[in-house]
Each structure stands twice: as structure tokens, then as C-alpha cells.
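To begin, one chain is listed below as C-alpha cells, in the form predicted on its own.
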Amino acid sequence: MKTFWWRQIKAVVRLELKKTFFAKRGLWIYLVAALPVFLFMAYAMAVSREQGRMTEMAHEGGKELTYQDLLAVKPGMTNDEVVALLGKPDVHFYWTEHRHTSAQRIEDILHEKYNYSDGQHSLYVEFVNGKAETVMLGEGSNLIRDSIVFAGVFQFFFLRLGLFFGCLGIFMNLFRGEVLDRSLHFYFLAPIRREVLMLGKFLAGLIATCTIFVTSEVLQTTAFLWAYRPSVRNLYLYHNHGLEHAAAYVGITVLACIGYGAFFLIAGMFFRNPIAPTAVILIWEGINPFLPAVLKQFSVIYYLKSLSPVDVPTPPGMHPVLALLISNSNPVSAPVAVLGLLTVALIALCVSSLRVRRMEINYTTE
């Protein structure tokens, strides 16, 4: 009997995958999945352009510089001392300011601006009458530091919005879409257990969301690393846990599809209007940091944040409420997080199986 049910599940999955991947009402999901990819592609182009500019500045300079050379420049040094230390500037601007004095006399003040670069960092020195008044050292792109930016986009856009609404669009319509199309009765009249039908639809939705959003996550990582030199990429991937982080992001994406998919499958069965359950789930996930410890366990984002490989630091001076949203208070270990999320999803699927047994079709109310 189990073999027969498994064949039925595979048949349902094959039918549902065609409808899920090519449904017109779900085309916007591809755009949601592609948005962070476009973001990191634009970021990579900006980083590549900036690195090219600084490399060109370093080659045009009269002396090969190091980061320590740039740090040696201090306010109060004369332009001759700076040139003796760093050589002729890569970029040199100057202008004369006509300043009125208290005696109604006009004093000419010479301003000069020198730009230096070691290929990774840029130094801006402004001289007033031959003495350095402003010294600014611009930090170049840093892959370790930028990985925190990647983690922030993943946690606060991809997880909370992209995956959330992507799973909403797919899993909510597994049964709801059949009702709107007036085709659910064909499944219910077929010789197949409703629990088997529900499981087949869920697996089809899970395959679709994992395919779309795991692909998006891989493309995001590729676009993020594309701007950096091969040596920097290899150092990050093989010596600074870059590969482990990339694998963790893919695993979190799959778990998010399981958790959110199970919740939205229930919502599609119980509610005719998807707006109300979507708002409730979105608010519940949003207020998770403020909930008691017991209630936190009945949400998806609680476990996903515990699995995140990179913590997003809280900026100094941030409001405590916003800081609480960013910080991951009371995280659980990775095995507990995975087991807890799968347990919550399993409970949701059990509720769905009970609901589908008693589900009745009334197209006239739609």
C-alpha cells in the first residue's frame, strides 16, 4: 500500500510542478527572487569600478605605496614632507581662496588636495598654505566586512520578505488556486486519499520554491564574490569559512521553504481571502523578538536566525526596539533549530491533513 501511495504522490508532484513553475499568477515570484541578485550585481559592478580606479591611481603614482605608508601621513605635515614620504600625488588639485580679513584686506589662501592610493585604499590630504589640514583615509572594499552586508540583506530582505512572499504565492495557491480555477473536484473525485494529495502538492511546492530561491541564493553569492580578485575570493572561501557560510545560507533557504510552506499551506485551506492570514503570519514573525520564550518556538524566523552563520552587529546609538529586531536574543544550537523547525512544519502538515479530510468544495461562494 505504501508503494502505491508513493506512486500517487509522484504523479501528483509531476502534475503540480508544471502548474507551479508556469502559473501566470506566480510569475511575480521570479521577480522577487531576482531582486537581491540584481542588487548584488550592481554592488559588484560598483566595487569593481572603484577597485579599478584605485589600481589606476596606484599605477600612475610615482612610488609604490603600502597601507602603512598611507597611515604615516598626519595633519600638520607640509606638502614637501608628504611628497618626500609618498612621492608625487596620483591626483593633484589646487585653488586659491580670497578671504576677507578684519582689516578689510583680502588675503590669498592656497588650497591643495593630494590623492594617493595603494591599490586597495585611498588617501585624501588637503593642504592650506602648505600644511596638511585634513587627512582622510578611505578604506577599500573588504570582503570580510562586506560579508556582514551580505548577511544583513539575507536576513532582513531575503528571509523576511523575499522567501516569505515567495512561499505565500506558491503554497497558498496549492489548494486555493484550484478552487479559483474550479478544478479541485477533479482531484477529489480521483481514487486517491486526500492526505496523499495534500502531501504531493506540498512536495511539489517545496521543490518549486527550493529550486527558485536556492538558485537565487547561489547567484547572489556568485555576484557578491565576482568583483574581488581570485586570490581574495580563495582566501575568503577556503580560509575564512566562506564555503561554510554559503552552504549554511543554502540550508537556511531550504528550511525557510519548509517552514513557511507548511504555514501557508494551512492558510490556503482555512481562509478564502489570503490577506488576513498573511498579515497575521507577517506580524507574528515580526514581533518574534518581543514574545515570551515559549511562544517564540512557534515561529519560523526564530529558528532561521539561530542558524545564520554571520551575526549582524547593532550600530551604536540605535533605538533599543530596533536593536532588538536586529540582535538574535536567546539563540538555540543548530541541531535544536533544525529539529524545532521541522517539528513545527510537521505539526502544520498534520493539521493540514486533518483539514483536507473534511474539506468541502463550494465554487459558488468564491
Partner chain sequence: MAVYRRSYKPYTGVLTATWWRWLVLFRYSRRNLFRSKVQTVLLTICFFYPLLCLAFIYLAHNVGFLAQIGVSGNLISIDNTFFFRFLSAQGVLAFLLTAFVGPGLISPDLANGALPLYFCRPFSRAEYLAGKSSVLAITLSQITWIPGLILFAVQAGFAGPRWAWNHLWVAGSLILGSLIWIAILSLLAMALSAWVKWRIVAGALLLAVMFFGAGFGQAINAVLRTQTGYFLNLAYLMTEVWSNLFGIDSEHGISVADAWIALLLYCGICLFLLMRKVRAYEVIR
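Residue numbers count along the first chain shown, from 1. This one's a predicted model, so the numbers in the text were calculated from it and none came from an experiment.
A second form of this protein, the form predicted in complex with its partner chain, is not displayed here; the remarks below concern that form.
Option from 114-122, 78-86, 171-179, 257-265 whose residues, in the predicted complex, bring a heavy atom within 4.5 Å of its partner chain: Heavy-atom contact with the partner occurs in 171-179.
Non-hydrogen atom within 4.5 angstroms of its partner chain in the predicted complex for each of Phe127, Lys131 and Trp226: Checking in the predicted complex: none of Phe127, Lys131 and Trp226 is within 4.5 Å of its partner chain.
Any non-hydrogen atom of Ile144 within 4.5 angstroms of its partner chain in the predicted complex: The answer is no: Ile144 has no heavy atom within 4.5 Å of its partner chain.
Exercise: Val214 in contact with its partner chain in the predicted complex, heavy atom 4.5 Å: The answer is no: Val214 has no heavy atom within 4.5 Å of its partner chain.
Partner contact for Tyr302 in the predicted complex: its partner chain, 4.5 angstroms, heavy atom: No, Tyr302 sits far enough from its partner chain in the predicted complex that none of its heavy atoms falls within 4.5 Å.
4.5 Å heavy atom contact, Leu295 to its partner chain in the predicted complex: Heavy-atom contact with its partner chain at 4.5 Å: absent for Leu295.
The single option of Met54, Leu341, Val32, Leu70 touching its partner chain in the predicted complex, heavy atom within 4.5 Å: Exactly one listed residue reaches within 4.5 Å, namely Val32.
Within 4.5 Å of its partner chain in the predicted complex: residues from 145-162 (heavy atom criterion): Arg145, Asp146, Val149, Val153, Phe157, Leu161, Gly162 sit within 4.5 Å of the partner.
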